[in-house]
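Only one chain is given next, in structure tokens, and it is the form predicted alone.
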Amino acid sequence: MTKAELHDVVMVGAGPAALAAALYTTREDIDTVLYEKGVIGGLAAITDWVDNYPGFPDGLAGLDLSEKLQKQAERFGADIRLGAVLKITDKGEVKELETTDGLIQAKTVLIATGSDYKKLGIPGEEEYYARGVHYCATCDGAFYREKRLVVVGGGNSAVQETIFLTRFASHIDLLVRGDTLRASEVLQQELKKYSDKVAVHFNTTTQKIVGKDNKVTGVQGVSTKNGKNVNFETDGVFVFIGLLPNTSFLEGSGIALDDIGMIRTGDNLETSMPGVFAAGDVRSGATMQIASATGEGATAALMIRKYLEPHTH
């Protein structure tokens, strides 16, 4: 059997966290390979417009930001490959990664696979994505000043984001599938302060997002109490039914995850497997912002360098 290629660091994912980390590692001549199975730039690349990334006063398209991060990492020698990492095994000094290209080995690994927003999976959701259907209030709420919104969800993030959206929207219909909110008591009390702007509709499922001329105009739901259709007029829909961290490939690896499947890390961003680090939206406690993902990527790169130092002599 041919000997598997060995690298200083292999990064799983090539979103903002990994690209920022790669920029730091490659500048210090740490041999760096990134594997990306979807789109380079991750969720940032498919975010229509980014208004809150520092240093861009006029905002910029998510795709442009991703391309700039990619070019910068590649300028210093980052090797970005399209493919997936299927498994990570701890072999002591090295980690073995099973990829779609075959086996490779790494002295250190950075997992930066991010998270995906859970989708409703209903007609109109895909079609109007970023044209009225959104999954991040901090990213897109400001587009809806003095407009009507529908928020779908009943947990902490749904209530938190609804409260945030009251800064912009003139009216919000919050559609909750069950007969109570699952959000914490503190958040529920807080929400009551906004009853002039927010109408909560319990026992309401979301069936279809409708629109015309490329814009969302309404949401069709069904009351689970009487089976009747209910319609909400709206300019936009925000869906907060949870996040799905991209960690299924870690099953059986022994890397510790939290109860929703995000990777637990210590203060130095190291996971429970020595030499394996995590950064960005896949990490337990992440803030789901591009700016913090790039910051964590930079921190992880410095921690990787520190880890490699005694191992290189």
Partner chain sequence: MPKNITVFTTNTCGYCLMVKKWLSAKGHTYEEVNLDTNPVRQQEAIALSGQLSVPITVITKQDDSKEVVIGYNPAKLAPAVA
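Only a predicted model underlies this, so the values are computations on that prediction, with no experimental measurement involved. Residue numbers count along the first chain shown, from 1.
Below: the form predicted in complex with its partner chain, not depicted.
The stretch that touches its partner chain in the predicted complex, counting heavy atoms within 4.5 Å, is 63-71, out of 50-58, 63-71, 277-285, 255-263. Of the listed positions (Phe76, Phe143, Tyr194, Phe202), a single one reaches within 4.5 angstroms of its partner chain by any non-hydrogen atom in the predicted complex, namely Phe143. Among Gly114, Gly221, Gly132, Gly153, the residue placing a heavy atom within 4.5 Å of its partner chain in the predicted complex is Gly132.
Looking at Val33, you'd find every heavy atom of it more than 4.5 angstroms from its partner chain in the predicted complex. Contact check for Met273: no non-hydrogen atom falls within 4.5 Å of its partner chain in the predicted complex.
Contact check for Thr138: a heavy atom falls within 4.5 Å of its partner chain in the predicted complex. In the predicted complex, its partner chain lies farther than 4.5 Å from every heavy atom of Pro245. Contacts between stretch 39-62 and its partner chain, counted in the predicted complex as any heavy atom lying within 4.5 Å, involve Val39, Ile40, Ala45, Ile46, listed in sequence order.
Relative to the shown form, the CA atoms of Thr287 and Cys139 are pushed 3 Å or more farther apart in the predicted complex.
A decrease of at least 3 Å in the separation of the C-alpha atoms of Glu67 and Thr138 is found in the predicted complex, compared with the displayed form.
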